[in-house]
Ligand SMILES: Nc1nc2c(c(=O)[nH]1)N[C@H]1C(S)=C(S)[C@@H](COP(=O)(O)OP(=O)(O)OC[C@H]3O[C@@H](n4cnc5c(=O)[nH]c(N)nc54)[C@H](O)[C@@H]3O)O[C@H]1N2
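A single chain, nothing else alongside it, follows as structure tokens in the form predicted on its own.
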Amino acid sequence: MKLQVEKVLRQFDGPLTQDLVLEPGKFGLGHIPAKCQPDSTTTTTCGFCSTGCGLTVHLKNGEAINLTPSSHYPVNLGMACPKGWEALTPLAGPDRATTPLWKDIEGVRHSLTWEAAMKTFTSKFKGIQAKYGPESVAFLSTGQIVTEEMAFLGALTKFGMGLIHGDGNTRQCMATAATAYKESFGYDAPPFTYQDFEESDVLVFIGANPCIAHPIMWQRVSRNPHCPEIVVIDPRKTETAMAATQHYAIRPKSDLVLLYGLANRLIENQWIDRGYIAGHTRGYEGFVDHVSSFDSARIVAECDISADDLERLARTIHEGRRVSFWWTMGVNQSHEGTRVAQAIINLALMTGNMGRPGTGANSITGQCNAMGSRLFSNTTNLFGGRDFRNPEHRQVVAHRLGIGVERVPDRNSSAYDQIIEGIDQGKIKGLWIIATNTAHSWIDQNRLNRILDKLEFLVVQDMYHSTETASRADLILPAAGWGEKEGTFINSERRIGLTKKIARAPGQALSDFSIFKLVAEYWGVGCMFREWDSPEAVFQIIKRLSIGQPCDLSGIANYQMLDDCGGVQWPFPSGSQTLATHRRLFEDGRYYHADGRARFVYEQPRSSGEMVCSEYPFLLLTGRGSSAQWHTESRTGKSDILNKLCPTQLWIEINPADAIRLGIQSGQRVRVRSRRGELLGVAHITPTIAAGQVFIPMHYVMTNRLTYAEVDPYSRQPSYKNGAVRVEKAED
């Protein structure tokens, strides 16, 4: 085994000593790719959000020294947001994890060799499984690592280590969209291309603020030559709403009622595409009956918009020739988000706005590789969007990987929230967290941290040793970050883009890929993964696993093809004759259900589990605060430039009428309390938030002390945007 371990480690430059201690600063890059030679440029894909921008890397002596947006990459066309310009800065963070760290019984951290770290990892987790059973160890992964690493982790844990339960932090952002697409279209298939932003004459954004969350997508909207109607449905007057031609500030979480009412108005006015409905869908008649009770009077009463506004919105959709519907976290992070997403899909289907340029029911993804996670992480779906519960699917995957089918679990993993509950109930005793900051980002943070205290062994694999989650770890495994390794991301428009090694990881930090390789060797299953010897080799395995699935990408020859083509959108099966820069799905009107038809899916709306009351009279909304901030700020917080582009203090949006009533002035310190916790922040008095509501950005560590732990029953995605709080002046 030691020879195999040395082989893994020798993929990187730097000598080995007998006990596998490596020289500091000699562990990371290995060779510089041919296109990354000294004093040259190369193109890579950004590792922040799901837009998937191309960045030109400027190299000196083989090291990246600067980034500029790529003018020829088909995603961003020479544009970049502040995060993209500053993407190199987080690599030089002073809190980088540079060696494995072990926390002793006194809470003191000690450096370990990789050999000692792997022996500790293996003995602890195997000991827990021996004592409590194989399901007593689980993992939580991410949408931030490359697809090849996700696939390796999913195969290693499920087929090699015998784990059943593992999920990713994409559960927090994209599970709703994935679930909605599967049920409506027969597969998790976002149908659009970014060119649709420029082709539409009506764009409807529901619970989406691309001005801040996806600035380059908004730049594509701004390039639209058709003087489009831009409709925003959002309780807040967001930056996108300010730029829109129509803004409907509906009551929070009334969107399902509104969308059913909108469908009813379209039906009553006969503003529908009967030919498309008859030829390409099922379930329309039942849907008509369902929405018949959502008349204008009900919409006015429950959504806080007028009957004239409802009619104007319906007419705008009817008069548009190319109408596109877009949503993101305002829909996904809801107690009934799956049905809201499907209500949007229903509107696109019934008006025939599918499969043509400038149309579609389009979910904007969150993280850079959320789509890769959804299809190839092997967590709650079997590789390629298959089902663990399907014997035929298990047999196909086992055959293509050359393993016994008995190694493939015959049931799905628990979802993220269920894994957390499993820890609370004492069923899960060991947890491996990879490239995510659960102790910051998970809902109802105080309860979450009490639950994590129940673990017998917590391993955190991350770039930084200082995150809220890493600070709790028994064992820290130092990981390379974006720019220090190679692989692929799959962006919102299904484009597989190549990201390259352009910098050396510090100290003894390893790519996640190589850490997984070491775990396989020390666990005793290295022989299963001999073919998995490099990221590009795993890309070839992923291609094999995709064959016959809607996401088939077997026609992509290699990394070089991705680099030459500016990424490739799936599907691109073997034998494909043409490679268009932009491709959308369902142009032929055929969907992925066996009969080729899309489904109308609907359900009666239901109330959230927590409502405002006299004690907690304000409704808490959360979301992105600035285009310069990213998630828990473990990376963007390292940049002085990005820190200057966003408020340094946690800020709380309060309506002027509420501020007058409470005697609060802008800039004053205020306290916000929920039933779960409290925080201090600075009041920002603004009419962009409605009376009776407050808004707090998601990026600050205190925000999730307040959020209410409720999940959508179908997607298991948390509802971060609906909790009851009270606001008061803070005592000096």
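Bear in mind the structure is a predicted one, so any value in this text is a computation, not a measurement. Note that residue numbering begins at 1 and tracks the sequence as displayed.
Form predicted in complex with the named molecule: not shown, discussed below.
Checking T351, N655, S441, S136 for any heavy atom within 4.5 Å of the named molecule in the predicted bound form turns up a single hit: S441. Comment: the named molecule is not present in this chain, but in the predicted bound form one of S514, Q367, S363, T359 has a heavy atom within 4.5 Å of it, namely Q367. Every member of the trio T467, A479 and W482 reaches the named molecule in the predicted bound form with some non-hydrogen atom inside 4.5 Å.
Within 4.5 Å of any heavy atom of the named molecule in the predicted bound form lies no heavy atom of A155. Put simply, T703 is close to the named molecule in the predicted bound form: some heavy atom of it is within 4.5 Å.
Using a 4.5 Å cutoff between non-hydrogen atoms, E336 does not count as a contact of the named molecule in the predicted bound form. At the 4.5 Å threshold, heavy atoms of T622 reach the named molecule in the predicted bound form.
Only one listed stretch (167-175, 372-380, 499-507, 106-114) carries heavy atoms within 4.5 Å of the named molecule in the predicted bound form, and that stretch is 167-175. Of the residues in 429-450, those that come within 4.5 Å of the named molecule in the predicted bound form through at least one heavy atom are, in sequence order, I434, A435, T436, N437, T438, S441.
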